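So this first bit is one chain, no partners, the form predicted alone, shown in C-alpha cells.
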Amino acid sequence: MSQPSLFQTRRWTVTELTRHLRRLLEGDLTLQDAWVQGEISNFSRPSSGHVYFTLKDSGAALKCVIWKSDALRLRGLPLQDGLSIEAHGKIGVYEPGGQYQLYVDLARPAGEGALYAEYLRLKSLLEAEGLFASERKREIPQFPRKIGILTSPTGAALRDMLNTLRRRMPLAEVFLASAAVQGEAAPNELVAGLQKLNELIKPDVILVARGGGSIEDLWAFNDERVVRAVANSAAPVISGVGHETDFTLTDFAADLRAPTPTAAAELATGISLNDLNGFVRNAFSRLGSAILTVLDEKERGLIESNGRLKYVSPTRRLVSARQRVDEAERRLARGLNQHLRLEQAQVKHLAQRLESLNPLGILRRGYAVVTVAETGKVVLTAEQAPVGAELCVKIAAGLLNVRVTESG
C-alpha cells in the first residue's frame, strides 16, 4: 500500500499548464526559426484569408497556420493537398485547442530550397520597386495587326501558338524573335530578342512563352534582367511560360499572364476571325439602323427648316408688306378725308369771319368810305375835308368824286 507524499505536489489548471508549455516552446529560439518539411493535407482557405493545413510524413503530423498578410506574399506558390513543401516559421501553442502548431511565414517546394529562396528574395525586391504594380499593366489591343513572339524556334510552344493565331486571327502579321528558353545563354538572348522586337518591328503585342518544366528549366524567366526587360517593354507583353501551376517573375512583370503558350495566343487575339465576322455583320446592321435613324432625323429637320424658311421667306414678307401698304393707304385716305373735312370747315368758318369783317358788307348796308382824292387818306373828321377839297366816296356799287362846298 503506497504512502502519501509528505510534500504536496503542485496542481495545475489546464490553462496554467497550457500557458507554461507555450512559454517553454516560444522561449526556445531554435523553435522560433525552424524549417519543417512534409506533405500538405487538410488544406483550407476560409473567407478570412488565413490558410490552415497539416504537414505530415510517415511518422507524425503538424498543424500549420499562415496568416492572411503572409498568405498574400505566398500567392506565387500554389499550395494544395499532396504538395511536398518546406515551411518556415515558429512553433506556438493554440491554447483554446490545446495544440501546438507551426505559424508559417515562408514556404517553398521541397527539394528546391535555395533556388526558391532566391526566387522569393528577388520577387520581394522587384515587388517593392513597384515593378509588379497593377497600375503599370496596359490593355491588350483587341485587334493587333503585328504580333511578336519571343520563344525557342524549335519548341512545341511556337507551333501551338502559330496554329492558334492562324486559326483565330489570320490577318495579323506574326514576327518571331528566336531565343534560348533555358540555360546560361537564355537570359541574354531573351533580353536581346525583346529589344529587337520593340525597336525593329514595333508590334502591337508581344508573347513571351515556353512550355512547362522544373523550376530550374524555367529559371531564365526569373532572371532579373529578363523581368526588367519585360516590365519596360514598349509593347504590352503577355507571358505564357510553363503550365498553369508554374509561376515565374516574368508572369508578374508582364501586362497579362496566360496559363499556357496556347492560352497566350488566344489572349493576344481577343476576338477570333469568326467572332470578327459576327462583329462586322452586327456593326453593319447597327450602322444601317443608325443611318436610317439619322436620315429620319434629318428629314424631320428639313421639314422644320422648310417651315421656318417659309416663315422668314421674302415672299411672305412681301405679301405681309403689301397688306400693310394697303392698310396704310386706307388709313391715309381716311386721314386725308378727315383732314380735308376739318380744313374745309375751318376755311368756311374763316370765310364767315372774313365776310363779317368785309368793308363791302358795311357799304352794302348804306355806309360809304370817304378818302381825300389826292392822298387817299380816309376822312374821319370834318376838319380833314375843308371847303374845296376833292374827295372820293366809295359806296357799295361804285365810286363818287365830290367837291366839298361846305364844311361844319
Partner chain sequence: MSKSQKKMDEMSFEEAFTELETLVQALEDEGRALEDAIGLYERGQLLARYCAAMLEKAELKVRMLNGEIFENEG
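Numbering follows the first chain given and starts at 1. These numbers come from a predicted model, not from an experiment. If you superpose the two forms and keep the largest set of C-alpha atoms that fall within 1.5 Å, you have the rigid core.
Keep in mind that the form predicted in complex with the partner chain is missing from the display, and what follows is about it.
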Q) Which one of 176, 106, 110, 267 is close to the partner chain in the predicted bound form, taking close to mean a heavy atom within 4.5 Å? A) 176
**Q.** Sole residue of 79, 165, 87, 238 within 4.5 Å of the partner chain in the predicted bound form, by heavy atom
**A.** 165
Q: Give a yes/no on whether residue 145 approaches the partner chain to within 4.5 Å in the predicted bound form, heavy atoms considered.
A: yes
Q) Does at least one non-hydrogen atom of residue 287 fall within 4.5 angstroms of the partner chain in the predicted bound form? A) yes
**Q.** residue 99, heavy atom within 4.5 angstroms of the partner chain in the predicted bound form
**A.** no
Q. Going by a heavy atom distance of 4.5 Å, is residue 196 a contact of the partner chain in the predicted bound form?
A. yes
Q) Out of the stretches listed (167-175, 210-218, 246-254, 115-123), which one is close to the partner chain in the predicted bound form, meaning heavy atoms within 4.5 Å? A) 167-175
Q | Within 4.5 Å of the partner chain in the predicted bound form, all of 14, 17 and 43 (non-hydrogen atom) | A | no
Q | Contact set, 210-229 vs the partner chain in the predicted bound form - heavy atom within 4.5 angstroms | A | none
Q. After the core is overlaid between the shown form and the other one, has the C-alpha of residue 143 moved by 2 angstroms or more?
A. no
Q. Is the C-alpha displacement of residue 281 equal to or greater than 2 Å between the shown form and the other one once the rigid core has been superposed?
A. yes
Q. By the 2 angstroms cut-off, has the C-alpha of residue 302 moved between the shown form and the other one once the rigid core is superposed?
A. yes
